[in-house]
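Next up is one chain by itself, shown in structure tokens, the form predicted alone.
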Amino acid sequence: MTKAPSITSYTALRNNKIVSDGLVVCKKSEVSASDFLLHAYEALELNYPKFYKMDHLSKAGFLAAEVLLREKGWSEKYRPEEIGIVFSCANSSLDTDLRYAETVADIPSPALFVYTLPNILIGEITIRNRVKGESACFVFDTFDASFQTGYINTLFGSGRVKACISGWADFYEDKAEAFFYLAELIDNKTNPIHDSNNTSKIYSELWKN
């Protein structure tokens, strides 16, 4: 690898608020997390009707990815196979699993069954953004910056990606969280190097609020 990847942008969704590169882009207090996801979709004026069919985990990650990637000009910068996506979560698809289990006693819901794997979120984002590169989904108790940055930097080092969407998304007991960032191989001295220290620092700062 001739140069190290940099963290060029980041977005977080937590406590009914979405923050992008330090700026609050959407906020609504005193509503449930699931209601906030719908509010954010409408407030951001997105046009993707399939959103309404997604499970809560996919909605949280999808919104974070939409804010992270808007106006990035993928088609001009990268081919679809040069973009990867790597994310992790704590509770996997448990929120959807429980809701699906409730339908089994009567009529199992195919619409819910589709979302009983956490990596369906990767599928939603890749379809929306034409991402065709390496993808991976991991389950950890908490966001593991060391593992995740190491894994992604290996992809960069092998030349398998030139950009990577990475982060953490989770939804359980009406608590929505998402932390997504973009790592790219670019020539600049202003963006932080993509390593565990910088990723942990950004994550920790966002999670203080």
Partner chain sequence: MSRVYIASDNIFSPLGNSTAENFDKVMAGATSLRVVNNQHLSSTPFVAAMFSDENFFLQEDYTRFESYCIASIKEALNDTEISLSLPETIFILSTTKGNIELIENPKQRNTLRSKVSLSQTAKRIASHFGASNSPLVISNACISGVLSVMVAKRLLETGQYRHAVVTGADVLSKFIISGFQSLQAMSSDVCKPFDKNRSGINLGECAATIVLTAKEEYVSTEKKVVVNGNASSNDANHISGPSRTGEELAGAVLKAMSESGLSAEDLAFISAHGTATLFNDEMEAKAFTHASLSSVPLHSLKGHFGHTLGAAGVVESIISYQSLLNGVILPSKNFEEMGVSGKINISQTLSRTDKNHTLKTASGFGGCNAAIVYSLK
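Just so it is clear, the structure is predicted and the values come from calculations on it, not from any experiment. Numbering follows the first chain given and starts at 1.
The protein also exists as the form predicted together with its partner chain; that form is not presented, and the subsequent description refers to it.
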Which of these stretches, 37-45, 178-186, 64-72, 137-145, has heavy atoms within 4.5 Å of its partner chain in the model of the complex?
137-145
Using a 4.5 angstroms cut-off on non-hydrogen atoms, would Ser32 count as touching its partner chain in the model of the complex?
no
If we define contact as a non-hydrogen atom of the residue within 4.5 angstroms of the partner, is Tyr100 a contact of its partner chain in the model of the complex?
yes
State yes or no: in the model of the complex, is some non-hydrogen atom of Lys28 no more than 4.5 angstroms from a non-hydrogen atom of its partner chain?
no
Interface membership of Lys77, its partner chain in the model of the complex, 4.5 Å heavy atom rule:
no
Restricting to 92-112, the residues within 4.5 Å of its partner chain in the model of the complex through any heavy atom are Ser92, Ser93, Leu94, Asp97, Leu98, Tyr100, Ala101, Val104, Pro108, Ser109, Pro110
